[in-house]
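As a starting point, one isolated chain is supplied in structure tokens, in the form predicted alone.
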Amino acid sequence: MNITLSEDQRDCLQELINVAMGQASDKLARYLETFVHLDVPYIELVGSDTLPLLFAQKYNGSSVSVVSQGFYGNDGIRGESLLVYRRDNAKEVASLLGYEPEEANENEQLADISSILTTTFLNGLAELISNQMSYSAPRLISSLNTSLDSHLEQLSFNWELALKVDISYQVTDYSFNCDMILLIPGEAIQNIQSVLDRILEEY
């Protein structure tokens, strides 16, 4: 599959993501009653066979937890969100969500914060492109003392090419940060291109 984003399409997508991130940051800050910082997102097209290597290089064998959540929109837009937490940061989730001791185990806490982070951002993006999103239940796909690249092999990447969007969340008051990686399969990229072209024509 040979798909490329034009410069105008990439710029349009970058701007939409920036706006959605700003909205998500504001909503999360109000919900968590703290400051949420979002780095500039990184967008690239990657082959599914290269993903394990890319992730392994980024996290360099760190002990991580990963929560996977599928998303599905109108116009054939779909994909998967991966929330990646280093184990030392995952311990801050209970404080972040205001859980009492023993109220929820760590896996449940990670699923809860992942759902909040994913849906807040993607609902904002969906609104910008006049779309609606639905979501699968969050699923923990990693465990203690294993590296992220081994868990990528458990995912069903049924595409040759994926649009990959990297977003970093930082919650300063809790010394908490995590990465959200959106993976959008090839046929859904083409559908997003149609949406971007429609938006570009309107302007």
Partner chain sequence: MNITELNSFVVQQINSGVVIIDAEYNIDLINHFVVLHGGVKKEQAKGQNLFSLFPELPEHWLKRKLQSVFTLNTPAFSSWEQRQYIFKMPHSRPITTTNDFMAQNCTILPIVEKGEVKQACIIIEDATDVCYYQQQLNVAMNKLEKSNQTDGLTQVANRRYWEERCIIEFDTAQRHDRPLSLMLFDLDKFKNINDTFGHRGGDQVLVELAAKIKDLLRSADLIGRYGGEEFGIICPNTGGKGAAELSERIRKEVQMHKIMFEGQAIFVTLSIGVIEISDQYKSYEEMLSRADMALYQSKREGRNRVTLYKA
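Quantities reported herein were computed from a predicted structural model and do not represent experimental measurements. Positions refer to the first chain, counted from 1.
What comes next is about the form predicted in complex with the partner chain, which is not displayed.
Using a 4.5 angstroms cut-off on non-hydrogen atoms, would S115 count as touching the partner chain in the model of the complex?
Flag for S115 set to yes.
Please determine whether E108 contacts the partner chain in the model of the complex, using a 4.5 Å cut-off between heavy atoms.
Contact with the partner chain, yes.
Using a 4.5 Å heavy atom cut-off, state whether Y135 contacts the partner chain in the model of the complex.
Judged by the heavy-atom cut-off of 4.5 Å, Y135 is in contact with the partner chain in the model of the complex.
Within a 4.5 Å heavy atom cut-off, is L28 in contact with the partner chain in the model of the complex?
Yes, L28 lies within 4.5 Å of the partner chain in the model of the complex.
Exactly one residue in V46, I43, L32, A56 has a non-hydrogen atom within 4.5 Å of the partner chain in the model of the complex; which is it?
Going through each option in turn, the one that passes is L32.
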